[in-house]
Ligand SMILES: Cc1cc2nc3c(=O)[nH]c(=O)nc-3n(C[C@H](O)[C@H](O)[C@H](O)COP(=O)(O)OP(=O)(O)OC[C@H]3O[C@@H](n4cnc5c(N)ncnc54)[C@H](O)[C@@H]3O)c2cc1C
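Given as structure tokens, the chain that follows is alone and in the form predicted alone.
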Amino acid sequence: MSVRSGPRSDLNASPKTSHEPRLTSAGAGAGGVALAARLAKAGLRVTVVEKNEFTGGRCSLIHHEGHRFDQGPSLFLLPQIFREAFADLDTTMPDAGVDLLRCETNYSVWFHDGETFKLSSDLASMRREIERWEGPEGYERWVSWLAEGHRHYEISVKEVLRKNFMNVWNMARPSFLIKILDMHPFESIWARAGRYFYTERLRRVFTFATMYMGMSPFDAPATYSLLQYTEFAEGIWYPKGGFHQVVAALQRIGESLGVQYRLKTPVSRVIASPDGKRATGVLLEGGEELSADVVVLNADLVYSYRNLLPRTPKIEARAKSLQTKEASCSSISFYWSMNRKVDELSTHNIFLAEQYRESFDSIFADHSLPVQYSSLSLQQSHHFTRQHASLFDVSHMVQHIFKGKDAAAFLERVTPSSWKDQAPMQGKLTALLWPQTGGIVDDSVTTRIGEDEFYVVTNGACFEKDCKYLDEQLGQFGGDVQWTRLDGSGLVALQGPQSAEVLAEALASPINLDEFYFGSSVWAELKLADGGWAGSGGSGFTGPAR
């Protein structure tokens, strides 16, 4: 998202211009770092401000006890697109310090009964794998599937990836419309795969990848067979040293072109001209103002509209509209360090449930986790939790932060509880109340996490109602309260009699869990909370949904 002010600058101008337009970019994720380098090469004086102490955003690193973990992507696809990006900056990936290693096996797909299918870019290997399930005719059909994926890929790159869609009319380009039916956008990839693969197992193998885009193969357009094509034709790669090597290389290039990075520097808001039509810079949380001719926001779209952009009626309306949109599916990642090589596993392993469609419907249609795992029945799962411990994803719950000197007063307005004297890191079950009738809008768990800061969890099923209610109440209250919804955070609960034992082994630094009681919280590498959705004797964790 960019907010332009002042006269239009020629972004293709030589860096050696008499006047260098000033650009401030908020956010040093992969997109922000790449954009900064490009614009610096085009002649702008670029400053990037980033709230974290590292660059890369979701494509960053975790260092822990001598181990390094990649956060975010685990697949490097479309290497030619990356080569072109570095060529635009007058260098190559190897010269910039990025060495790519090709994965011999793209995926090892595991079925519920232990059978596997190895997806690779080796034609002979793929022939053996496919003929094992569908014979020579199956291999011929796969070649036809691959040819269709190639057409989908070429059209998508030319007519979509390399084009800007600034408005709905851009989709009406004749060159795009005459080819749109060739991309099979109105047929699901599962249905399309059924034309080429006669066994359900191979249909599963060649359709599961749509989950990477937050879609079920039973709903995703057949256009996305291009994924399987590009993985076979161009391969899956791994940057030596981790995925952040790509971001780090772009950062170094940008710095050599004059880009200034200011880390641990959160932005409070965009500064606008008196008429609210032009951006003139950004205000940092520390109070410093950075003037700019161009402002680029590389932050989350909903967060930017809600918290960073000027509060004009048009932006307010757009912010409310965005908050009602259905979010795409995220995931939870666990980072494990191993003391040995697991020979049975390759670089990328996919484990498919026996109830393939049911598992996707649970996630994408019902917005819940599958009700059955592995070979355990529902009754067995229940008894396992009551005798041991189980981890539950409760990220459908909505997490909020209320901050400001009047935050306690606002919460006392909307709940029946007293908050001004609430002890730090202590919480309670409470409820949001209708102001006139005193009826319950929704129940909630609220914890004081700072002197003027509160963490509130409400029910996902009441999302729209709760957000509308809180927005209206804040508007009527008018005090010093900032409301932030933690849309980028996950929430999991550990429940069962062995929860404390499991936690004790998992925490980086020891915590006396015997002193943990209902409503108490403590900050660790994640936030732990005993109460509410986890039940008595359980713990809840909230953190970035990576």
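Numbering starts at 1 and follows the sequence shown. Note that the structure is a prediction, hence the values are computed from the model and not measured.
Omitted here: the form predicted together with the ligand. The next part is about that form.
- Only one of 138, 258, 72, 404 comes within 4.5 Å of the ligand in the predicted bound form through a heavy atom, and that residue is 72.
- Checking 57, 496, 519, 488 against the ligand in the predicted bound form, a heavy atom within 4.5 Å turns up for just one residue: 57.
- Note on the interface: of 420 to 428, 126 to 134, 198 to 206, 266 to 274, the segment with non-hydrogen atoms within 4.5 angstroms of the ligand in the predicted bound form is 266 to 274.
- Contact annotation: residue 333 falls within 4.5 Å of the ligand in the predicted bound form, judged by heavy atom distances.
- Mapping the unseen interface onto this chain, residue 298 counts among the residues with a heavy atom inside 4.5 Å of the ligand in the predicted bound form.
- Contact between residue 77 and the ligand in the predicted bound form is found at the 4.5 Å heavy atom cutoff.
- The closest heavy atom approach of residue 51 to the ligand in the predicted bound form falls within 4.5 Å.
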